[in-house]
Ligand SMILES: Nc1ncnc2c1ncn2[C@@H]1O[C@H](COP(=O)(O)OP(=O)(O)OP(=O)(O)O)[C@@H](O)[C@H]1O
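The chain below stands alone and is given as structure tokens, in the form predicted alone.
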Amino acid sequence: MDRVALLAHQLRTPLSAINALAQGLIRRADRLGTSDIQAKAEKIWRASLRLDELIDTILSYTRATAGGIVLNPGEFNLDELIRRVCREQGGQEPTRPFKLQIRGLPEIVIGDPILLEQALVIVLSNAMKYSPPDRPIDITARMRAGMIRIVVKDQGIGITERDLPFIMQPFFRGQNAKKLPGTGLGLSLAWYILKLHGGDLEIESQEGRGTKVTMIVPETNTTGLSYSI
């Protein structure tokens, strides 16, 4: 399957779910109770979120490959950004345990908060997608050796030893993840965003035992660097 066909397939999956659920509501509206309507509406909402996420990732990747993503640095509170993103992502799976530990971050960080939020959302979304909904996700953030390290650890399907060296290549998907929705663009985009900040992305994983993704960000970055993906 070529890249365009892959993207079309991934977009069609949530769109088909939205279509089928909406038609079911139309046909059975007079026979459905409030709880049934609420359940179907929630499924439509989740499918629409997935579709929006896919479109946003594809558009951002297209901008990145065309050199259209540049830093717009400013001062912001990284602690507040991390807590808000975790709260919003956790709201999509209210029963999933989120364990958050933030220590010793500077009150003010200089960087692009919109791009860094996008990178964190990508990493958190992956942790949620590739692990059962009852398994916790651990998020820690602290300063070390002059760099901020944000670590997201899940207890999901993990990545095979064979696939791990290629996992940040655009469009690459691990063998054990191909039945799950995804474009294979998210981690390469997150890596690109962190590199623009003078940081990096590190991944440790074992198949069947989960994945740990470390986002490394300098405390201060006011100049955009150039990287290709």
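All residue numbers are counted from 1 along the displayed sequence. Values in this document were obtained by computation on a predicted structure and should not be read as measured data.
Although it is not shown, the form predicted together with the named molecule is what the next lines describe.
- The named molecule is not shown here, and in the predicted complex it never comes within 4.5 Å of any heavy atom of Leu116.
- Contact check for Gln89: every heavy atom lies farther than 4.5 Å from the named molecule in the predicted complex.
- For Lys129, a non-hydrogen atom is located within 4.5 Å of the named molecule in the predicted complex, even though that partner is not displayed.
- The named molecule is not shown here, but in the predicted complex it comes within 4.5 Å of a heavy atom of Ala177.
- With the partner omitted from this view, the residue of Leu81, Val109, Val151, Ile157 that lies near the named molecule in the predicted complex is Ile157 [heavy atom within 4.5 Å].
- The partner is absent here, but in the predicted complex a heavy atom of Leu187, alone among Leu51, Ile44, Ile69, Leu187, sits within 4.5 Å of the named molecule.
- Contact with the named molecule in the predicted complex, defined as any heavy atom within 4.5 Å, is confined among 36 to 44, 191 to 199, 53 to 61, 23 to 31 to 53 to 61.
- For the partner-free chain shown, just Thr211 of 198 to 220 comes within 4.5 angstroms of the named molecule in the predicted complex, judged by any non-hydrogen atom.
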